[in-house]
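We begin with a single chain expressed as structure tokens, specifically the form predicted on its own.
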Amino acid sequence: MIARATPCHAAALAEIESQQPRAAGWKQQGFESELLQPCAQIYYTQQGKELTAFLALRATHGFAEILNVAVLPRYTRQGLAFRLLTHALACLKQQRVEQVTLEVSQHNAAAVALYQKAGLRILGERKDFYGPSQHAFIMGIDL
């Protein structure tokens, strides 16, 4: 099941993120604040009553940026991130978003492959985006 998060999901989203060292580090308060933003959209997957993965983005004026993606470690390699990504892209297309971008560490081969599988391509790079010598690819897709 994929659903859209509300502020009541902030603690569960923060718990997922806390178990993924490459996630953005928003913590519960960050999720609460993000979910109050009119342009914010966070989608999650659920197994029983447990939230298992999420994808956070912001969309406005025909443009969207994916900000944060995480999956509980015991649910990795099950396609949850891909399902969330394709669901989010379909929702954005319905919302008439024309372009979606994100930044991803050049060292995160699994994430780069995931985004490429969903149709995103490398558009450029941001030097030292994650710290000294920690460059990011800018990836994007036109919807």
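In case it trips you up, residue 1 is the first one in the sequence shown, and so on. Everything quoted here is computed from the prediction, not taken from an experiment. What we label the rigid core is the largest C-alpha set whose atoms superpose within 1.5 Å from one form to the other.
As for the form predicted together with a small molecule, it is not shown, yet the points below apply to it.
Annotation: in the predicted bound form, residues F63, Q95 and V100 none come within 4.5 Å of the small molecule through any heavy atom. Only one of L35, C91, L51, L114 lies close to the small molecule in the predicted bound form, with a heavy atom inside 4.5 Å, and it is L114. Mapping the unseen interface onto this chain, A23 counts among the residues with a heavy atom inside 4.5 Å of the small molecule in the predicted bound form. In the predicted bound form, the small molecule sits within 4.5 Å of a heavy atom of A81. At the 4.5 Å threshold, heavy atoms of N108 reach the small molecule in the predicted bound form. N68 belongs to the set of residues with a heavy atom inside 4.5 Å of the small molecule in the predicted bound form. Relative to the superposed core, A23 undergoes a C-alpha shift of no less than 2 Å between this form and the one not shown.
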